[in-house]
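Taking the form predicted on its own, here's one chain by itself in structure tokens.
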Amino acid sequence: MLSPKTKLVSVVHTSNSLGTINPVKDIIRLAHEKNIPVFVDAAQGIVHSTIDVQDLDCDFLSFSGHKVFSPTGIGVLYGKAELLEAMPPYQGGGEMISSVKFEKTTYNEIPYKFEAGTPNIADVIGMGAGLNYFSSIDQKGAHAHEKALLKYAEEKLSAIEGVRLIGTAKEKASVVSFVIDGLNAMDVGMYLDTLGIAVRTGQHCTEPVMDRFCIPGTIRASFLFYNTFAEIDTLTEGVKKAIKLLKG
């Protein structure tokens, strides 16, 4: 797929709908062999993996603040300095300029060149608190716990008759996506909600993935370090109740 026409490779680090962790380091290496820059969407991966932009050697990387216990509507965009310096600002406003004259405008240095006007100060402070908290926990222990939760959830759910897991890659984050034969994912999700069980349902903004599996959507359960095995037991029993009720 990489050709002289390829200007940029954009790839997700971790799939939000399947939990698959993509081999981004290999993708970046292959792209760089052809002098193609790579943008990594780490919104899902940032909280489930240890990500080092220097180790990946990615050219750009972004993630959402609310994925790391921060307010919504804010996030982080990383870019290599030489690329950011070569790019023009995408909007004008205070502080993104060094000097303004009728003859010529000189832009400020990075990152100020891309931070026009008054920023979202309150949420930036909130994101800082979220990132400080996330950085303070035992990352290695958290990831190990999430892997154990994933293994347990997959075993428990796949043992239920009529349940089929969607997305069984070897390298996965703690996300379990599944369908139930003969049942609509949204109906199951709404019933689980009445039991106090929070799942997401539908296409998860990845309709081409659903088309690939020839399904209309999935039920998705996501786990983090604060989740417990008992909660997975509750989910499993809820799914059994939903099958019994909805299939009559």
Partner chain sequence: MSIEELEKSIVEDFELFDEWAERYQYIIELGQKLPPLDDKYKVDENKIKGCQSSVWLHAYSENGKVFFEADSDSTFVKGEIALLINVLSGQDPKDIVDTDLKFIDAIGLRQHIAVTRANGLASMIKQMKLYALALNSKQSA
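Numbering follows the first chain given and starts at 1. All values derive from a computational prediction rather than experimental measurement.
Only in words, not in the display: the form predicted together with the partner chain, which the text now covers.
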| item | value |
| --- | --- |
| The partner chain in the predicted bound form reached by all of 158, 160 and 233, non-hydrogen atom within 4.5 Å | no |
| Stretch in contact in the predicted bound form with the partner chain, which is absent here, among 58-66, 40-48, 179-187, 25-33 (heavy atoms within 4.5 Å) | 179-187 |
| Any non-hydrogen atom of residue 191 within 4.5 angstroms of the partner chain in the predicted bound form | yes |
| Interface membership of residue 199, the partner chain in the predicted bound form, 4.5 Å heavy atom rule | yes |
| The partner chain contact at residue 2 in the predicted bound form, heavy atom, 4.5 Å | no |
| Any non-hydrogen atom of residue 8 within 4.5 angstroms of the partner chain in the predicted bound form | no |
